[in-house]
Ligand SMILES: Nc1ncnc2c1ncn2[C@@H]1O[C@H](COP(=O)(O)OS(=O)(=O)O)[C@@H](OP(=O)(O)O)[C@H]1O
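There is one chain below, alone, in structure tokens, taken in the form predicted alone.
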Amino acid sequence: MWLTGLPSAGKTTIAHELAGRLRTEGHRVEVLDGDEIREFLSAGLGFSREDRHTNVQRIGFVAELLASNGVKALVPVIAPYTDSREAVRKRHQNEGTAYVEVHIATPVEVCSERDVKGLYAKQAAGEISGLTGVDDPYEEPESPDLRIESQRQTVQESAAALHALLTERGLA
């Protein structure tokens, strides 16, 4: 399950909430957090379009590897480009593993208020550039499997909606 959305949209928080619920039901689950992946698996990559694509493909490979071995992979990663997300979807299809795309559709204004990592403040102060959704593109999914507006519901309600989708598809 790939959770895509802007920085501070709530992707990781929702993924961890869902992971806890799935684990209590006896599922094997891993959360592939984007920040951790950048630190350990994609160290040295920057934020150019090419580097972002490479990062997404690496994460997609690990997610598919986990899924093919019976582990539910929850991937709260921005993945700003449609073609990168589609390449991951195709990898899963080719390998016969499920791929579910969820758009955490939190408006940039809400994300900048949350500003969990201080990125929006740094961008506004001119300390950084290339912030996804502000001065770097974010291509919203046109038809995700589920769209969640995290500003309109609690983390628990968001995780419950994801769980319902997985259950409906026979994945939970």
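Counting begins at 1, following the sequence as shown. Keep in mind that this is a model prediction, so the values were computed, not measured.
Beyond the structure shown, there is the form predicted in complex with the named molecule, which is absent from this document and is the topic of what follows.
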| message | Is G130 near the named molecule? Define near as a heavy atom within 4.5 Å, in the predicted bound form. | response | yes
| message | Although the partner isn't part of this model, could you tell me whether V77 comes within 4.5 Å of the named molecule in the predicted bound form, counting any heavy atom of the residue? | response | yes
| said: Is it the case that R52, even though its partner is missing from this view, gets within 4.5 Å of the named molecule in the predicted bound form, heavy atoms only? | reply: yes
| Is there a heavy atom of L119 lying 4.5 Å or less from a heavy atom of the named molecule in the predicted bound form? | yes
| task | Mind telling me which stretch in 23-31, 53-61, 139-147, 66-74 gets its heavy atoms within 4.5 Å of the named molecule in the predicted bound form? | result | 53-61
